[in-house]
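Quick setup: one chain, the form predicted on its own, written in structure tokens, and binding and motion questions come after.
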Amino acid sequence: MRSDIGVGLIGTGFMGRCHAIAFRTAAAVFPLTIVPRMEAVADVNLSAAEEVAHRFGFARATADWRDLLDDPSVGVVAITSPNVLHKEMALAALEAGKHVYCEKPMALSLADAREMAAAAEASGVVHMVGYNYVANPAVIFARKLIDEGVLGKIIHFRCVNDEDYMADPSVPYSWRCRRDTAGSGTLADLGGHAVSLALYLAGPIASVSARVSTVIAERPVLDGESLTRSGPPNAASAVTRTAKVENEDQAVALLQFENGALGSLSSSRVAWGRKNYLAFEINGTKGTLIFDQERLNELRLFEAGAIGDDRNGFRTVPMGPEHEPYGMFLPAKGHQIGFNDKKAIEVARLMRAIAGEIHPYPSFHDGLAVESVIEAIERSAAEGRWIEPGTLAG
């Protein structure tokens, strides 16, 4: 028999709407024992909150996110606000006894992420971080192949995550350019996904050696624009000055995994032509796996000695209902799931964790592991030496 739990959503931007879609979809697609009930949505812009409430069926809207914490009908709080607000909101929700589903990155610093993970552990509630690329059936299947030894011993992992949303120098200065509101740059926004995949597929990272750079050092500040807004800039606003970009546009890192494998990752927010280019290659002693987010419903697999040398090469493995949980959405190969479906899989995991059926993943502890690697990358770039994430105090 099904029961339900009230959802309180904070934020109505891109990710806020993705969360709203995911909560609605998960309840319809998955045989959940606890289903989300659209209870309340909060945004500093009340009209935006009201619009999202009407569109997605939330019972009410508010301009104050704290209203969700005082509301006994809200059992889980989803946080999709700008990075600078994640810590305050998550800690307050945990203290109020709410389950917490926080978009990545967890926080602006490793110290803040560690504080959040400790509070989550002490709270006894369910907590998750929104690294939804690990919820892709193709990535889940990749992990299954690795666990079954199809690739043999993993010896190398490489990953790239590039976009071009800040490649144009005329893109205005925003909260994403500031250390006090965004933390790191491309590492917080894109590189964290690469790190989450590395940890999920290849295991803990022992040490890193990295370099970062800011390609566009200054950006125009538009008159009247709020530096905390998450939506698109007002094209009618006049450029009054420029401001210094305080975080990195691109980053590269060499990795040494605890299991002995080597690796690398790179991330850029100024790579012209790239819209959501997230790709990885995993080399093992028996084979290789390749994944490209721009073809997110397939893997390329090479198995050494699988067939004769005259036909031996990569084969494409299209995802289908046999690759869980693809089949919850579609009954046949080739019909393809998408980005929002992965968020729905993530929400289904959250609901199942609240029901006590599975452990939440990625939890705040998993998010802390990602933040430890990002901090190590930043320190390595600043100090010019190998840094061990496990030794960082925050």
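All residue numbers refer to positions in the sequence shown, first residue = 1. None of these values were measured; they are calculated from a predicted model.
Only in words, not in the display: the form predicted together with another copy of the chain, which the text now covers.
Here the marked residues V150, S266 and G284 all reach another copy of the chain in the predicted complex, each with a heavy atom within 4.5 angstroms.
Another copy of the chain is not shown here, but in the predicted complex it comes within 4.5 Å of a heavy atom of M328.
The closest heavy atom approach of F56 to another copy of the chain in the predicted complex falls within 4.5 Å. The closest non-hydrogen atom of Y131 lies beyond 4.5 Å of another copy of the chain in the predicted complex.
Using a 4.5 angstroms limit between non-hydrogen atoms, T316 touches another copy of the chain in the predicted complex. With the partner left out here, another copy of the chain still marks one of 66 to 74, 365 to 373, 334 to 342, 350 to 358 in the predicted complex; by a 4.5 Å heavy atom cut-off that stretch is 334 to 342. For the candidate set V126, A138, V212, L110, a heavy atom within 4.5 Å of another copy of the chain in the predicted complex is found for exactly one residue, namely V212. Shown without its partner, this chain lists A198, V160, I79, A142 as candidates; in the predicted complex, only V160 has a non-hydrogen atom within 4.5 angstroms of another copy of the chain. Shown here without another copy of the chain, the chain has N283, G284, T285, K286, G287, T288, I290, Q293, E294, R295, L296, E298 in 283 to 300 lying with a heavy atom within 4.5 Å of that partner in the predicted complex.
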